[in-house]
Structures are given as structure tokens and as C-alpha cells.
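Only one chain is given next, in C-alpha cells, and it is the form predicted alone.
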């Protein structure tokens, strides 16, 4: 009888000890989770090129300024699709199912991909030229839902007005762009409107990947007086190739981004991409602090500046008017 009592007491003691261990373990796990408090951010970028890289670096720098530092209270998981739409889908699906607290999508194709995969995770887009036309938001003011961001919309009319001041003799413009990028389609539509008003002719050469850019540029040089390319991710990735083709043909190339001027384009009337990234980072900081993305209005950068590549101008024999040079940012 005493032996049974002892066994029973030992059993009860073991049960209590096991329960205590479970409670302590649970508390330890919960405590560890609270101590971490790390928010997971996915950054998706359609391709690597200077403008988009500048945006990403500026976003991360601004997040740190807002109090969110990678490796401390946030974990940034960055992926480039390398210009491949199938990679965009794979990355987007991974982000949508991976317990991310925020997704930052750089450039229109990236944003379209992630918006198609989740209606729950907050999404901040950056450098999306036409957010409404691209199907990202229904309105710019308080867009609702889980999506907001920044637009890099540029005016084809402003760029071409600048072109007409620099090279007033042009009559035929070659439009070089990826026909599958909705951001480019919107700008080319505006280019055609400008051309119609000013008696100019537009000759189009569309591409679907960077491998096609050189041949498309070569197809234009005998037909046009100048080449125009919007903020097109495919063309921007191959801009040095376009610049080389145009340089040999002594043709000016007017572009939509400062980085494209730096890479050999002649001129643009565009935005500062570091400033765009900073504004995107501010929005991301707001969302990480608990603000509903649907309550943050889409921001279009309105501070545009002239960018001129002096080396390109000299190589193709174009003299930039003194008043434009005085106002321009020079490469």
C-alpha cells in the first residue's frame, strides 16, 4: 500500500514537473517572439538598372531614418526578377504566402505582379508611371485597399518641347519602348499627341526584352531624326547599347530618366530618383507604424529638372543652347 502511494506521488510529481516545463517553455517562446519584434519586408524589382537601384537604396536609407533598420527591427528580403515575367510571378507568390508585413514593388511590372497575388499584405509601389491605367489603384487620393505608392510620371510634352529647343530641325521621332509595359504605353500615347499637334511623325520600334533593343534601335536610325524612349525598364537596362547605336548615327536620344541620360542619352526633363525613393521610404515607414496604406494618397513627384549629357552632345555634334545649359544638371 505504501509502495502504491509512493508511485502515485511520484507520478503526480512528474505530471506537475512536466506541466511546469511546458509552461516555462511556452513563456520562453512567447518572450523570444516579443523580444524579436522584427517586421519582414519583401522588396521586388523588375530588373537591375541605375534608376531602380537608386530608388531601392534611397528607400532603405529613408526607412533607417524613419527608425526601421535592416538586421535590427526589420528584415529586408530583396529579389530582382532579372527582367523575366515568370520570375516576377514566382517572387510575388513567395512574398504573398511568406508572412511578410510589407511588400515594396519597384517599377510597374513588379507592382502589377504582387497586386495580383495578395489583397491582404500592404503593398507600396515605387516608380509606377500610370498607377490607375496599370490597374494598381482605382484613384490616387485615399486609394483604399492594401496598395499605395509613388509615381514617376513624366511629361512627354515637356521632354519633346525641350528636344525642339535643342534640335529644332527634327521632323521624325523614333519611339523605342517595350510594348508590353503599360507605363511606357501611356507616355508614348502622349508623345503621339504632341507629334500630331506639331506636325511631327512618330515611327515605332517595340521590344519585349533587352536582347531585342540593339536591333530595334538600328531599325530606326535610317528613318528618324531623333529617338525617344520613355521610362522603360527594358530600354533603360540596355541604354548604353542604344546610346552607342545613336552616337554612330549622330542622332539625339531623348529619354524619360536621368539615369538614361547618364548612360548616354542626350537629354530629359525628368525627376530625381533618389527623391522618389525617399518619398517611397516615408510611406513604407508610415505603414510599418500602423497606418492603413489605403489612407495614404499616391504621390506624383512634381519637381522635374533638366538633365544633359555634354559628352553625348559633343559626340553627335549638337550644341546645347546656353540658357538650357545654365539650368541643367550636367553629366
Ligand code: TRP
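On a predicted model such as this, the values are computed, not experimentally measured, just so you know. Positions refer to the first chain, counted from 1.
Heads up, the form predicted together with the named molecule isn't pictured, but that's what we're talking about next.
Under a 4.5 angstroms non-hydrogen atom cutoff, the named molecule in the model of the complex lacks residue 104 among its neighbouring residues. Among residues of the shown chain, residue 56 is not one whose heavy atoms approach the named molecule to within 4.5 Å in the model of the complex. Among residues of the shown chain, residue 45 is not one whose heavy atoms approach the named molecule to within 4.5 Å in the model of the complex. Among heavy atoms of residue 231, some come within 4.5 Å of the named molecule in the model of the complex. Checked against the named molecule in the model of the complex, the residues 266, 52, 41, 283 give one hit for a heavy atom within 4.5 Å, which is 52.
Checked against the named molecule in the model of the complex, the candidates 253, 147, 217, 257 yield a single residue with a heavy atom inside 4.5 Å, and that residue is 257. Stretch-level contact analysis of 206 to 214, 244 to 252, 89 to 97, 231 to 239 against the named molecule in the model of the complex, using heavy atoms and a 4.5 Å limit, identifies 231 to 239. Using a 4.5 Å cut-off on any heavy atom, the residues of 105 to 132 that reach the named molecule in the model of the complex are, in sequence order, 107, 108, 109, 127, 128, 129.
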